[in-house]
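Read the single chain below, which is given as structure tokens and is the form predicted alone.
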């Protein structure tokens, strides 16, 4: 099934890091220049450069994308490894024995405990083909909806918010809107660090034509993003929804709203108007900790300008009221009619390179391919027929979310937890609880490209995965643009693409016809056909078309011409709800799930550094990136540092209700008084260790299931040489 050739020219692909989905040209060692560059293990390195023909990035690339060629061979997992218990050493097992072991466990669990004892936790680093075959295996062949992905930690509140307000998932905007908007309203996003190519596109426009766009940034922390803003609202953590209601209050009472759009295209306005009436400027300004004039200035922009583009990411989504905040933001667009036109709309910036493709393929525990729902009987029947499974094969209840899978292991209810292309022992909250839960699971399987991840320390069976660059597949970026990613390098060692492994397991379980794929192109063709007629229709796309014509946006139904897709959704002001109208949602703000108190007087927020990405399994292998951020730093306000006896450059002990850690301090007024900041990248395998998410609680949005990874209460004290608080 290998799809790898040995190219002698640049391969065009999509960057495997963030959801911007920049186009890359990867040059083989012999083409990159006169001398062949080699990594620390002596392997010739590919060189990356921005692809000028890719419409999403137009040749731009950030430092992570520019150095991705240095990560492809170093520290790889080369062969299947197994150990019967966590106290034993891993030994080579071979693919045949590994798959028989895995299939034997599945059969035993199905026979003795049922499909609910099996769960898989996947990843936005999957190609769409990996996602799709995993859904077919778990939800179709095994009859369990217990497939979730790290998109649950990333974008599930955006998914739920779009669906609740507009009737379907799917960002209605495109990157071109950055060139047309008159106001860019950035909330809960440090775009400069997390989506740098998009940020530079906006900043370059601002520098060329300063009066053409007003940039508003809402963030408790001063960042490189807020430095570019015309207006920075440094609100108190957890007050986002109150701020949005306060803006709406002023738009309704003093500035002006689009009554025609509301009348013709929306439902449930009256309940929303009644709710925001109570959120007066004085009340909101006091709660958010900002001047009332700032609030009024932003409201004037929303009420008087055409072309309002809102952009958000983890600061909104990773909240116990994440779906409500997304809804509050969409409400403002409905209130002003700022949706479905150039430069306008609510734009979720996806965190991972193919989180969008995963949503299209059904890659969360409540979804089926094509933005279908497992709770919808008609949707289940459509998918069962397409997959060739008997009626009733797909369970009617949503499966376990990521954290519910942890709870199931903790309760002894899971026999098998299969983790693929992600590192939950850095990225999940309350990590000590996760470690204890994994230690109770009889078989933890990890499909991973790199050796030695934190999760591998708690796994029994390691399966070497062929990564991006070694397998063909498609990925969808934040603007709904799909790029074909070719296999341009030989597979490392005995590694295999994830979809091939999932299909092999399906065949061994007796479903030969359903998993008879011989190429990723065949997988994509089946998925694309199943999307026909859905909002995310890609039935007109194929690997061949994407290779020949380049990246395409959806919707792209059968018969579409390349580059003919509508760049924006809802241009006709009709929405995929039963009434065809968008819905206002009326949610009272709840604030933080774990606010500060006398014992834990500071609010910790976590985020990302420009030069690192997620849990560093890839970026830690690049010396240039490590030099940018040699260690994690605790940002603390000068007044808080003085109050708690913390010195700049010294070590501090940070403690929450769940865990404690020691980290070096950076005293800075970038952080709001009463708050502290840590990066989330470092795990216990990194030097220095800094498990920021061990401090975080697991309370989640009740609608999306997304944990509130952005805020928890902590105390900070000087640390002794041993790392403990000084008394």
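This is a predicted model, so every value here is computed, not measured. Numbering follows the first chain given and starts at 1.
Another form, the form predicted together with a small molecule, is not on view; read the next lines as being about it.
At the 4.5 Å threshold, heavy atoms of residue 319 reach the small molecule in the model of the complex. Although the partner is absent here, residue 420 lies within 4.5 Å of the small molecule in the model of the complex, judged by heavy atoms. Shown alone here, residue 609 lies within 4.5 Å of the small molecule in the model of the complex, counting heavy atoms only.
Residue contact with the small molecule in the model of the complex: residue 221 places a heavy atom within 4.5 Å of it. Annotated contacts: 178, 336 and 345 are all free of the small molecule in the model of the complex [non-hydrogen atom within 4.5 angstroms]. Stretch 234 to 242 is the answer when you ask which of 300 to 308, 234 to 242, 86 to 94, 511 to 519 has residues with heavy atoms within 4.5 Å of the small molecule in the model of the complex. Just one of 495, 145, 427, 128 comes within 4.5 Å of the small molecule in the model of the complex, counting any heavy atom, and that one is 427.
The single contact residue among 530, 394, 459, 465, judged by any heavy atom lying within 4.5 Å of the small molecule in the model of the complex, is 465.
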